[in-house]
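Okay, so here's just one chain, in structure tokens, the form predicted on its own.
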């Protein structure tokens, strides 16, 4: 039996990057997936590439009706919902002193409110059906270490960690686990600057494992947390950064230990 036989997952922000890789691997391991995204062209192409066990649903995670519609669509197409991966995010970088309310609210509405609304819609269905499940929310190393000039990004990613803990505690008795992951620098379309060989080299050199992350590294962790292998893990966060966050003291000038 494959790892996710008869299991169904919704992946928001699934049209590219970490979400795309997670959807692809979930189906490779026996499951069925609905890719939720606002980019119909990219999302439909990903679903077509994955094959018969994937569907695309155009959605706006900041709209509660759209999140509910995604759940209804998934139930109609595949018969239920077992898992959710919330990876949708918007970027509006800039210094906080200059950041417009519109840019602040855009990042919050997609990255935080969208995570809440999609979790709520799926969690409500699971609870009403008496169905156990698992939700993984994408935070970031930026959620535990402030990322200067990122606008609302670090604030949102920190809040996603707490939201995941909160949901995990509220829904534990219902058999629904909720966890967050905190990727470090990962090579995706959102981090196109890593295509610069010098930047990628510099990032690799300051990472203890000597490379930047790839979507498969993050997807492996997501699938673990979704799976029965993580059946006793909830309301926590998993840092996936090649040791970067733990190595800050190693990069300070001064005394070196032999």
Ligand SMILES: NC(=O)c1ccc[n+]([C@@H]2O[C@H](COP(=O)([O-])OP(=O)(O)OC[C@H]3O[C@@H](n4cnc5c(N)ncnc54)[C@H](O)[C@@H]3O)[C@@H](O)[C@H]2O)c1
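This is a predicted model, so every value here is computed, not measured. Numbering follows the first chain given and starts at 1.
Note that the form predicted in complex with this ligand isn't included here; everything after this is about it.
> Check each of 227, 191, 207, 68 and return the one that places a heavy atom within 4.5 angstroms of this ligand in the predicted bound form.
Looking at the other structure, the residue within range turns out to be 191.
> In the predicted bound form, does each of 15, 61 and 110 have a heavy atom within 4.5 Å of this ligand?
Result yes, every residue of the spot touches this ligand.
> Within 4.5 angstroms, counting heavy atoms, which one of the listed stretches 122-130, 86-94, 172-180, 72-80 is next to this ligand in the predicted bound form?
Selected stretch: 86-94.
> I'd like to check something about residue 184: if you look in the predicted bound form, is any of its heavy atoms closer than or equal to 4.5 Å to a heavy atom of this ligand?
Close contact exists here: in the predicted bound form, residue 184 approaches this ligand to within 4.5 Å, heavy atoms only.
> Please check if residue 44 has a heavy atom lying within 4.5 Å of any heavy atom of this ligand in the predicted bound form.
Judged by the heavy-atom cut-off of 4.5 Å, residue 44 is well away from this ligand in the predicted bound form.
> Is the gap between residue 138 and this ligand in the predicted bound form 4.5 Å or less for some heavy atom pair?
Close contact exists here: in the predicted bound form, residue 138 approaches this ligand to within 4.5 Å, heavy atoms only.
> Where, within 142-181, is there a heavy atom within 4.5 Å of this ligand in the predicted bound form? Residue list please.
Heavy-atom contacts to this ligand in the predicted bound form: 153, 157.
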